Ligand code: GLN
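Below sits a lone chain in structure tokens, taken as the form predicted alone.
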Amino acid sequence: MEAALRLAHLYPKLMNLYGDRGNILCLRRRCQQRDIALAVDELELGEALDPAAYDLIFIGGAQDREQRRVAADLLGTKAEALHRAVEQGVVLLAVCGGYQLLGRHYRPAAGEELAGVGIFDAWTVHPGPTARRFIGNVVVRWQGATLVGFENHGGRTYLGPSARPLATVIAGFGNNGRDGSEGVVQGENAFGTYLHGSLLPKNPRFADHLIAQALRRRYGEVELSPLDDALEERAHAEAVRLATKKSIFLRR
């Protein structure tokens, strides 16, 4: 199949905590192995987003200082375009800090509340500097299988009625450590998650889910050719082992 996709990587210099750029490398490799051309444009502060130019959009995570800079730029130069892109079916993946900033608002441990873009019907509140930070390996159930990753966040995220969780926590904390939810899905094509580490290399099924959605939007119904994911599955299985081992230890 001859196909080409274009991805907008938002704020790769500022929002690249815990190797989030690895998600782009994974998408590029899985497309390349199927002879799908994937062009990646890096959009930084002050650079406009053309909603008609892209099939996928990615934004990673960062500390609160960087999030403040990005929050102002998102609202000033990219918010309207992001809404139009998602409404038109562009596939969006937001990780950790990006996930928080694309919700309604983020209230950090200190300082003023940051207004969000509102892509996700979700909001995030940090309980304060003395609150427990959610750190560790995570396993969640997604579409009858598992996703794995690493979380490190102080904010607690809650979903509104028009959003649904991406997955259900098996081991780890997830969105808020209380309701068993992890991440968010808005509509069918916008995804948010706290899973770093990077997410996609250890979760090839989810990576292919994003690629297939983007291809389907542009070309109609498609079927991705299978790849040899033996290495990825080994990494996935080891992440499950580590996360569930820690979870069992903590319950004792």
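Sequential numbering from 1, following the sequence displayed. As the structure is a prediction and not an experimental result, all values here were calculated from the model.
Keep in mind the form predicted together with the ligand is missing from the figure; the text below concerns it.
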Using 4.5 Å between non-hydrogen atoms, is Gly154 touching the ligand in the predicted complex?
yes
Look up in the predicted complex whether Leu242 has a non-hydrogen atom within 4.5 angstroms of the ligand, and give yes or no.
no
Using a 4.5 angstroms cut-off on non-hydrogen atoms, would Gln63 count as touching the ligand in the predicted complex?
yes
Distance check, Asn189 to the ligand in the predicted complex, heavy atom within 4.5 Å:
no
With a 4.5 Å heavy atom cut-off to the ligand in the predicted complex, the contacting stretch among 163-171, 95-103, 80-88, 136-144 is 95-103
Heavy atom of each of Leu17, Gln67 and His126 within 4.5 Å of the ligand in the predicted complex
yes
